[in-house]
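There is one chain below, alone, in structure tokens, taken in the form predicted alone.
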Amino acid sequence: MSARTLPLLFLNLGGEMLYILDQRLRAQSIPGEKARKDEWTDVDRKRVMNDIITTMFNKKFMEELFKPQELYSKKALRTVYDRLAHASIMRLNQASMDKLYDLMTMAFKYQVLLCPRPKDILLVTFNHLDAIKDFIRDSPNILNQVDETFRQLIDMYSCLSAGEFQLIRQTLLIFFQDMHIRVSIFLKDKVQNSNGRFVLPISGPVPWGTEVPGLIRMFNCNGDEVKRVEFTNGGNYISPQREGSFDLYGDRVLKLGTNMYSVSRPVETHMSGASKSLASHTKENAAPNPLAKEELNFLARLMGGLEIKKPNGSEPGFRLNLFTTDEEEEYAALTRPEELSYKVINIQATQDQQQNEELARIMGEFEVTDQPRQSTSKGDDLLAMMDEL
């Protein structure tokens, strides 16, 4: 497991989250002069995007993120994205947040699987950051925040070997290995099967620095080529024209990580049969988790760097629905397998009084107004548990 994986995971998932939110906000926005007080306008969309990106690239938050550390559970990371998504006037309920996280994770999983070489995960990350910069091109202060993160990425990853990038890729694939959620875009493009597993292509450019398969060279003990044998490779491969740019500005060449929602298409997620059967085997053990304390400390450090903007008292929190109708959203919430609901985490942790007070102070800063809380048993909800420590 690589201790340098977390920044890439967070930034790429965050980029996918922003793509989805931008697409849904555009679809639901109403011209300013026609909008009621509780309806989205393009001004609201820009404000939401600016607020979330400002929070996401907060300097203190990035400093904690870039410290070498192991990946933590999906539920712990999901908690951070839940807070991040609510860093503005926008509000998402549980079903929409579940769908948002499903879309984010499956999109990045697909990108990791299709990377021609492990190092290209960095190009995927740069594609996400390039698109994020386009969202806030009229806000120079936020642009500077994103550019600073760009420089941190270049400093940390430009010197890594191919083997270290392979370890990062392996760490990401381990993180995603049990996720097989069907996404309508992938199904329509025939890059995902009905069981939720992706279809890997047998065509296109080969990785930079390699040759199209189809030729075997044999050498003698002196290193001289003595024989060539050609074979059919079974695919339609081509040589890459050039390598993508790993600089702050440049042509990335690779298209993975660009915004697939730029053309308006409805996007649905469905639990595959394989995922439903797998869910019954992946339910987390109810026994105390030995990593519980570390995960709480991890969340405290990360969230301590976030600055959440609360709506003013007279300002309504706008609700965003990632489903076509409210009825679909309610149905999704009722039919989602309990084992795949991220709102429950079965861990228990005890800390000394000083740590409790610090964690309570940090979590208190994230309180969201006008959010009715579902009744759950004490300790079930991670955020509630941390608030009640």
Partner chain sequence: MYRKERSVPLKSSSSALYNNLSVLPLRDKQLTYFAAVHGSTVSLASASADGLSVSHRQLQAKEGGLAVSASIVTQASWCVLPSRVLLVLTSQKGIQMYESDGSIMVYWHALDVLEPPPAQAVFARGIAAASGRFICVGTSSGLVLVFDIPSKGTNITLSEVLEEHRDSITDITSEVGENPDGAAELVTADDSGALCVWRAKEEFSLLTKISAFGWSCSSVKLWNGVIAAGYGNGQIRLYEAMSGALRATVSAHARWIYALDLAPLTGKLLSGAEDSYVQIWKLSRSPDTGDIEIEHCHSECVTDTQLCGARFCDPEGNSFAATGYDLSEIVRYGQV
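Values in this document were obtained by computation on a predicted structure and should not be read as measured data. Positions refer to the first chain, counted from 1.
There is another form of this protein, the form predicted together with its partner chain, and it is not shown here; the text below is about that form.
The listed set His86, Arg252, His180, Arg78 contains one residue whose heavy atoms approach its partner chain in the model of the complex to within 4.5 Å, identified as His180. Proximity to its partner chain in the model of the complex holds for none of Ile20, Ala27 and Ser73, with the criterion being a heavy atom within 4.5 Å. Heavy atoms within 4.5 Å of its partner chain in the model of the complex map, among the stretches 78-86, 140-148, 161-169, 243-251, onto 161-169 alone. Contact check for Leu113: a non-hydrogen atom falls within 4.5 Å of its partner chain in the model of the complex.
Interface residue remark: Ile154 is not counted as part of the site for its partner chain in the model of the complex, having no heavy atom within 4.5 Å. The shortest heavy atom separation between Lys109 and its partner chain in the model of the complex is within 4.5 Å.
At a distance threshold of 4.5 angstroms between non-hydrogen atoms, Asp134 is out of contact with its partner chain in the model of the complex. Shown here without its partner chain, the chain has Arg217, Met218, Phe219, Asn220, Cys221, Val226, Lys227, Phe231, Thr232, Asn233, Gly234, Gly235 in 217-236 lying with a heavy atom within 4.5 Å of that partner in the model of the complex.
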